[in-house]
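Okay, here we've got a single chain as C-alpha cells, the form predicted alone, with questions on binding and movement later.
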Amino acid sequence: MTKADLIDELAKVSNLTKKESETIVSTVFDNITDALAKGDKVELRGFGSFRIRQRNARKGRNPKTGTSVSVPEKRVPFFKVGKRLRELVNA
C-alpha cells in the first residue's frame, strides 16, 4: 500500500475529499517524523511504536574495492511491531 492508496482509502471510508484526506495523512506522517527528529518515541497502541536507535561507529568494507572504511556512529529510526499486529500477521 502506498501513501496514495492510503489517502484514497481514507477518502472512501470517511466521505472526505481526497485533498482533505491527503492533509490528514500528511499531518500524521509529519508529526511522527518531527517527534522522531526530536528523539521522542511514537506509540500507536495495537499497531507498534517508532523510536530512534543509536548505531555505534564500526569498521566496514567497500564491496567494490575490498578496502576498509570507517562508518561513523548514527541515529536510525526503528519500528517495533505491536502485539495485535504481530498476531494478525502470523495468523
Partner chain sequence: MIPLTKNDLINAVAAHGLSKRQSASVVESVFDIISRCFERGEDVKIVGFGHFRIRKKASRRGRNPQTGSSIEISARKVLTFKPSKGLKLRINQ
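Because the structure is predicted, anything quoted here is derived from the model rather than measured. Residue numbers count along the first chain shown, from 1.
There is also a form predicted in complex with the partner chain; it is not shown, and the following applies to it.
Heavy atoms of G39 reach within 4.5 Å of the partner chain in the predicted complex, making it an interface residue. Although the partner is absent here, A57 sits far enough away that none of its heavy atoms falls within 4.5 Å of the partner chain in the predicted complex. At the 4.5 Å threshold, heavy atoms of R45 reach the partner chain in the predicted complex. For the chain shown alone, T17 is not a contact residue for the partner chain in the predicted complex, no non-hydrogen atom being within 4.5 angstroms.
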